[in-house]
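Only one chain is shown below, in structure tokens, and it's the form predicted on its own.
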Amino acid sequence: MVITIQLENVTQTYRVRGNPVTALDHVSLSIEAGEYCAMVGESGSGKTTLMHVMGLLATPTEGRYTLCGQDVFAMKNGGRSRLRAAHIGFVFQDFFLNPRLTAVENVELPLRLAGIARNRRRDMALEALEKVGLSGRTDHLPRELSGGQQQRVAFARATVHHPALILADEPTGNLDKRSTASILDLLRAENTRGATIFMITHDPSAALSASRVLTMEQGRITGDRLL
């Protein structure tokens, strides 16, 4: 699938202690298939909320979201779940690895949920770990890996099914300089493969790895520039 994103007047309002709080304020955004976008902004500006909407993890209060020509908010929950599982990969600052599973078993998880046969999913997981340079760490538990290695396992898990859209929320936030460079190289490689990339980051140098930088303030997109 080729991923094209169109958000129109998307608003997300919560109630905190009985008071309304607007996380997204009539956000409109178009991202073409194959773009590599970075989003910057202060904490609490709405970046992660927007990513959750784009990743079909949250339904906004109002607005329209068209993904590859489909109005995803008009779909039933099962349809959104299948679309997310088949075509979207998530990379987070916190790795969310299962501490009781080895690296290869963690990478296999989304394939198991997709119903892929055991032998096939093991081969796919091993290939994904080799791609991120961890072919020698496949049987290690997360606690036996460095932070950078854990993030690469998480990256392999997010991309093992070759998603058309990769959403990365502060993927280098807990990493040292060398590991940060490694993850950014992997994101660029996925973009070269044809994946659409949307990355949230507080790191200005990481944002420069993208081809387009968006700025969010108080629930609104206030900047949009091409690099």
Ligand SMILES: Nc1ncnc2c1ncn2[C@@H]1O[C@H](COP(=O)(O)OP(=O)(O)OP(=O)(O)O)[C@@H](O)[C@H]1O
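Note that residue numbering follows the sequence shown and begins at 1. What you see is a predicted model; the values in this text were computed from it and never measured.
Just so it is clear, the following notes concern the form predicted together with this ligand, a form of the same protein that is not shown.
Student: Can you tell me which of 181-189, 158-166, 30-38, 43-51 lies within 4.5 Å of this ligand in the predicted bound form, counting heavy atoms only?
Tutor: Among the candidates, contact is made by 43-51.
Student: At the 4.5 Å heavy atom threshold, is residue 10 in contact with this ligand in the predicted bound form?
Tutor: Because no heavy atom of residue 10 falls inside 4.5 Å of this ligand in the predicted bound form, the answer is no.
Student: So, in the predicted bound form, is residue 26 in contact with this ligand at a 4.5 angstroms heavy atom limit?
Tutor: Answer no; every heavy atom of residue 26 is more than 4.5 Å from this ligand in the predicted bound form.
Student: Given that this ligand is not shown alongside this chain, does residue 202 nevertheless sit within 4.5 Å of it in the predicted bound form, heavy atom to heavy atom?
Tutor: Although this ligand is absent here, residue 202 would touch it in the predicted bound form, with heavy atoms inside 4.5 Å.
Student: Looking in the predicted bound form, any heavy atom of residue 208 within 4.5 Å of this ligand?
Tutor: Contact check for residue 208: no, nothing within 4.5 Å of this ligand in the predicted bound form.
Student: Can you confirm whether 16, 21 and 93, the three residues that make up this candidate site, all sit within 4.5 Å of this ligand in the predicted bound form, judged by heavy atoms?
Tutor: Spot residues vs this ligand: full contact, yes.
Student: Tell me whether residue 48 and residue 93 end up closer or farther apart in the predicted bound form, going by their C-alpha atoms; the shift is 3 Å or more.
Tutor: Those two alpha carbons end up closer in the predicted bound form.
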